[in-house]
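Only one chain is shown below, in structure tokens, and it's the form predicted alone.
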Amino acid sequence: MANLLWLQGGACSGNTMSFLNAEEPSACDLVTDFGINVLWHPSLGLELGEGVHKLLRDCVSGEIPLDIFVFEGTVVNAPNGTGNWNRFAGRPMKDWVRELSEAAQFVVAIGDCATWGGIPATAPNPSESSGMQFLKRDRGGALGAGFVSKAGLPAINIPGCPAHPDWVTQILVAVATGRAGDLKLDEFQRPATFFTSFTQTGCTRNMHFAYKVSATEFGQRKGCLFYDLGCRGPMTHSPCNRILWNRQSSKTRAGMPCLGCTEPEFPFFDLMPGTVFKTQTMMGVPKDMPTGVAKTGYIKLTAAAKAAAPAWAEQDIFVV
């Protein structure tokens, strides 16, 4: 049986709500089928007051073995590095985070806030928020760039705003069942099994992308969302169109641009008005190109693709 403790820092609880909707496996399956003992969770734990204090102290001291420490939300350091803006169980949450991470066999950071600071860490970052081991793309964070847990791994980052529930439960199962050694992490400590492909992989609009046929409004069932509506699917690492949300859909399938929420820079353009849902261009060429595509090649490809576009590419082929 693997003991799991889940705490929450500066966050909206979105990753908890996502986690509770997991299906393969479900949150209940973690307990009944995979032997995970949830010591405490801010939305599920029964202990209150001194009971929580004792539990935390026993985990830090090793009296209760801590196999998996899960953290959701930013590590708040304000004001002036003290962390007193986010206190929990009698002390700054950031102090618990460090001590519990040092006591745990594995540390798992869930959601953009816990991985690289997310929206709270957007400039000017008044809460002095950071992720567990990153602040955007910069290594360090609350635990420091060199941190490794007792099992020898850095914090396992599962980003997203929120993270897909099945990404979370499948990684927790891998860790709890002794298969953490099979996890390959990328340069941002994301599990490669989920974050090697792009959001564009499996997108139903790929044919429109190829022929440079653009959607111009949200919800349109034809047209690529990259050219006009700021979709970041071609440069965002995620399986959102391979592992569908609610087993049904994804942002792009519903006509909503990918916001790139699994990348360290999210939110892009600091949420300035007129930038989030508009493709930024220079002389008609997108400023941010699909990964691996050069601007000169893109210009040549665009001209050829538009000339070759078939008539049906402009039609709503999803009419029932």
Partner chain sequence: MAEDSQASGADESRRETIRKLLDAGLDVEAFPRCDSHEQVQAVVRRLQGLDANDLPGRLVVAGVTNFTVEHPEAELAQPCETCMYYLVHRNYCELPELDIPVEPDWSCRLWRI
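Quick caveat, the model's predicted, so the values are computed rather than measured. Residue numbers count along the first chain shown, from 1.
The form predicted in complex with the partner chain exists for this protein as well; it is not shown, and the discussion that follows is about that form.
Whether Asp95, Ser101 and Gly146 all lie within 4.5 angstroms of the partner chain in the predicted bound form by heavy atom
No: none of Asp95, Ser101 and Gly146 comes within 4.5 Å of the partner chain in the predicted bound form.
Would you mind picking the one in Lys136, Lys150, Arg91, Lys222 that has a heavy atom within 4.5 Å of the partner chain in the predicted bound form?
Selected residue: Lys222.
Just one of Thr82, Thr193, Gln170, Ser214 has a heavy atom within 4.5 Å of the partner chain in the predicted bound form. Which one?
Residue within 4.5 Å of the partner: Ser214.
Given that the partner is absent here, does Asn37 sit within 4.5 Å of the partner chain in the predicted bound form, heavy atoms only?
Outside the cut-off, so no.
Any non-hydrogen atom of Tyr227 within 4.5 angstroms of the partner chain in the predicted bound form:
Residue-level check for Tyr227: yes, a contact with the partner chain.
Does Pro286 reach the partner chain in the predicted bound form if we count a contact as any heavy atom within 4.5 Å?
Result yes; Pro286 sits at the interface with the partner chain in the predicted bound form.
Hey, in the predicted bound form, is Arg57 touching the partner chain, heavy atoms inside 4.5 Å?
No.
Let me know which residues along 129-151 have a heavy atom within 4.5 Å of the partner chain in the predicted bound form, or say none if there are none.
The stretch 129-151, when checked against the partner chain in the predicted bound form, contributes no residue at the 4.5 Å heavy-atom cut-off.
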